[in-house]
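The chain below stands alone and is given as structure tokens, in the form predicted on its own.
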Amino acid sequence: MNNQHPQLFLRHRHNPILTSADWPYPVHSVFNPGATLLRDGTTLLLCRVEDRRGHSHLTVARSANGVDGWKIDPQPTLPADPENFPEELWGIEDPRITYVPELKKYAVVYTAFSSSGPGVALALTEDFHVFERLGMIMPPEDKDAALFPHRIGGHWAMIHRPVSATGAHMWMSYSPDLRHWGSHKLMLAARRGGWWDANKIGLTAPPIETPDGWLVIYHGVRQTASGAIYRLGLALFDLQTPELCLQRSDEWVFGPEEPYEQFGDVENVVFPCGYTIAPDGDTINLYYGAADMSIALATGSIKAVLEWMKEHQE
């Protein structure tokens, strides 16, 4: 029985679509992939892969239809490089991919797990074979970051999630050169009390540009007596001033329901880091990590999401 409400994102019947059993070399788990659609229509996932030490690296999987027939790089595509980037001492995690037309490159924003905790790092690539690392751009503790696809008001913009004594909220920062970041502004705060997204929220996949505003799918963490539950909510932000929240869903719209989402290394987690948008400009394929063990796919409509948000305005 499916009691998910509302039905904005439908799970693929082949879920989970990628597991450690599919990998060409020994690994513990695969999850939380960044995603992009290449020019030839190929779906590329940049998967977080955890080895048997507990450290993560990033490996590319490609598919003609985005569902099966995956071709996985035979070795880690982007391994941690702690010799040259000490902030990657304990691995690199949770990539978000944004294609940046001005640079003709893909920006990969990922979490570098340093000896001081997780921070935000950035790398650029044209082909997912050669990467130019820019290093850590936000110090610990900070993660759940993604770049906007073009400058806003002449500056690059990035969403990220620093942690403070009052909680974990989503922030916006700006940069003239992708290296030096400032003009930090709170864009979305975790709620308080008994809400599904109280105390800790964060970005999932990169923001989606729509006529109504920047559509952001975010995760909220509910602490219960038996542990945390990671679920997804929706928010809409102003196109010119993206730290300005126009709408926010009161209810969560997608949560752990299937066994592969409820049971694993971290139970009760659905965690997207990437999506692709079909040539129709509306169908969204959301790729998510399930229970920190496997990769699953859910499909929705951007128009339907925006309509639902209009009907459920605060």
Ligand code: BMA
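One rule holds for the numbers: they count along the sequence shown, beginning at 1. Quick caveat, the model's predicted, so the values are computed rather than measured.
Missing here is the form predicted in complex with beta-D-mannopyranose; even so, the following discussion is about that form.
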query: Just to confirm, V27 within 4.5 Å of beta-D-mannopyranose in the predicted bound form by heavy atoms?
result: no
field: beta-D-mannopyranose contact in the predicted bound form: K143, any heavy atom under 4.5 Å
entry: yes
- request: Check whether D94 has any heavy atom within 4.5 Å of a heavy atom of beta-D-mannopyranose in the predicted bound form, and answer yes or no.
  value: yes
Heavy atom of F271 within 4.5 Å of beta-D-mannopyranose in the predicted bound form: yes
field: Partner-facing stretch of 278-286, 247-255, 261-269, 33-41, counted where any non-hydrogen atom is within 4.5 angstroms of beta-D-mannopyranose in the predicted bound form
entry: 261-269
- request: Just give me the single entry in Y218, Y230, Y106, W214 that has a non-hydrogen atom within 4.5 angstroms of beta-D-mannopyranose in the predicted bound form.
  value: Y230
message: Let me test this: is every residue among R48, K200 and D292 within 4.5 Å of beta-D-mannopyranose in the predicted bound form, going by heavy atom positions?
response: yes
